[in-house]
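Alright, here's a single protein chain in two forms, structure 1 and structure 2, each given by itself as structure tokens.
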Structure 1
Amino acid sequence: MAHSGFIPKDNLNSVIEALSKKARLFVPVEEGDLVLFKPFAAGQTMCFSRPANLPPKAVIFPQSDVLFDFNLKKDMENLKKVEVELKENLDFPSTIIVGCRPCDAQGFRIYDRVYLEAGATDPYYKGRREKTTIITLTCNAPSPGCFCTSVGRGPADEDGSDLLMTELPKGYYLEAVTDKGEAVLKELGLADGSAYREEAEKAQESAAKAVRKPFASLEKTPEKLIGLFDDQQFWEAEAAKCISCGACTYLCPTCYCFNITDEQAGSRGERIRSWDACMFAHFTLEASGHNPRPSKAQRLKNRVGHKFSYYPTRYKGVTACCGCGRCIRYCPVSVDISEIVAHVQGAQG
């Protein structure tokens, strides 16, 4: 049985402050109307009552990441010869994330299959992932748009987390999921939490029952999507109100598209990896001027197809959507990916 601990509510801030002395610590912080993951600092207003507007994916997969510095040294005796000096940035600090939600932690598992397990390991993702401990707060009630149980997950799913924390009336019940989570429990020296296990499990079950279910099952959805691949009328109808702003992809815990650019001044420069999005028209634009996905309908088809057909087909049925609902809550024109999937399941494809 996993080790457990308990934090009385009045002690939570002191426990978080203690964690901040052991590693770089990220917590959900209120900034106006937003809740964002920020490095911990004394005096911040932390928010654990609702999921953050943005998932903490940038902690491990930064929005803009300098992969290496380079210096081009031209041979002045032979100007056709250039020597390239590279300096990789692979020194990653120990990091702890506190208060992400199970859907956010599962997002890193979606990344793991691509960046760690697909045959070509990404050293930048690997380095940060291994150095990061994820302490997840289970959801005690669904937020608008959530549909995690419909994609095979749940508000207390432990996949991707190292330590699971459940809020109860008197405090927080903690249960270790991995060795890293066990280590944090031991270092904090918390009181044994086993007396609260049953109460926590009931709270988790109650939250799972409250999550909306926009569709009954994902069975046959990958095949349905393939069957609709050439149905342009279907995809144009689904994409009619989309404005291709790409907000859904930046808010998504599982989206991992990127672009690579070199920023150079003189002979020195940096190679930078930055988030990109398949919803942007330029994403697939080729140097020749040809664009294989020139319309927003084709781009939306790719986004839905990737999450509910291509990824699960490649990775043993795992859906690349964690049902967090952010893309639904914050879409400026209310595109609802769960409705699209329901339409796919009901379509004659």
Structure 2
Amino acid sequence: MAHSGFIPKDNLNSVIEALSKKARLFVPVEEGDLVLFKPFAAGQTMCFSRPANLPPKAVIFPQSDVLFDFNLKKDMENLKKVEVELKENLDFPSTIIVGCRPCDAQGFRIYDRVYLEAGATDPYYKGRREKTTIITLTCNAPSPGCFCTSVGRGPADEDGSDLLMTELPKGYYLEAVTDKGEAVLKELGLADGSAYREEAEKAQESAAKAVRKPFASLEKTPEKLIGLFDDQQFWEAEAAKCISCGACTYLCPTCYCFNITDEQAGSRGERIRSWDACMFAHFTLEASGHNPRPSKAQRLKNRVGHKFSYYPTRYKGVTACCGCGRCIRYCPVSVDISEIVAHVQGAQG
């Protein structure tokens, strides 16, 4: 049985402060109307009462990441001769994320299959992933838009987390999921929490029951989506409101596409990868001017298709959407991916 611990309510801040001495710590912090993951600073007010607006994906997959530096060295004897030097940095600091939600932790599992397990390994992702411990807060109540239970996950899903933390009236019940989580529990030297296990499980179950269910099951959804591939009318109707702003993908804990570009100043430069999104027209635009996805309907179809058909087809039925509901809460024109999936399931064809 996994080890557990308990933190009385008043002690949470001091426990987190103690953790921050061991590793670089990211915690959810309120900034204006937003809750964002920020490096921990003593005395900061943390926000655990609602999921962060942006998931902590940038901790492991930064929005903009240097792949390597290059230096073009001119030979002073022969100015036409340039030597190139490349330098990569694969040293990453030990890091702990505290207070993300199970859906956010699940997001990293969805990345893992692509970045670590399916052929080529991404050394930047791998380096950060291995050095990062994820302490997740289970959800006590769903937020508007959440539908994790419909995609086979739940408010206390442990996949992707190292340590699960459940808020109870008197304090926080902690349960280790992995060895990394065990190690943190041990280091903190917390009181045994097993007396609170049952109470925590009850809280988790009632949260799961409160999550809305926009559709009953995902069975046949991958095939249904392929069946609708050429139904231009269906996709145009679903995408009618979309303004191609891309917010849905930037806020999504499971979106992982990127671009690679060079930036140079003088003889030095960097090759950088940055988040990119299939909701933008340039994403697939070729040099010839040909674009396989020129319309927003085709791009929305790809986004939904990737999460609910292409990824599950490649990875044994795993849906690449964890139901966090962010794209639903923050889409400026209320496009709702769970509604689209429900429509797909109801559609003829």
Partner chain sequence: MTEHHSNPYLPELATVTRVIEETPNIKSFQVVLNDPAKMKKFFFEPGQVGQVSVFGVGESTFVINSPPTRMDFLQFSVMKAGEVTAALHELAEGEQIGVRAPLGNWFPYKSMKGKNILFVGGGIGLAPLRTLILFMLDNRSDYADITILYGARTSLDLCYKQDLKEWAARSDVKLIQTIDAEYPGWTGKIGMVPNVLKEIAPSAENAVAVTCGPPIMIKFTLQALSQLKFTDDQILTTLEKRMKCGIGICGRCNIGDKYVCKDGPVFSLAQLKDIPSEL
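Numbers follow structure 1, counted from its first residue as 1. Keep in mind that this is a model prediction, so the values were computed, not measured. If you superpose the two forms and keep the largest set of C-alpha atoms that fall within 1.5 Å, you have the rigid core.
- Shown first, as structure 1, is the form predicted on its own.
- With the core held fixed between the two structures, D262 has its Cα displaced by under 2 Å.
- Once you line up the core between the two structures, the Cα of D179 stays within less than 2 Å of where it was.
- Relative displacement of the E83 Cα between the two structures on rigid core alignment is 3.1 Å.
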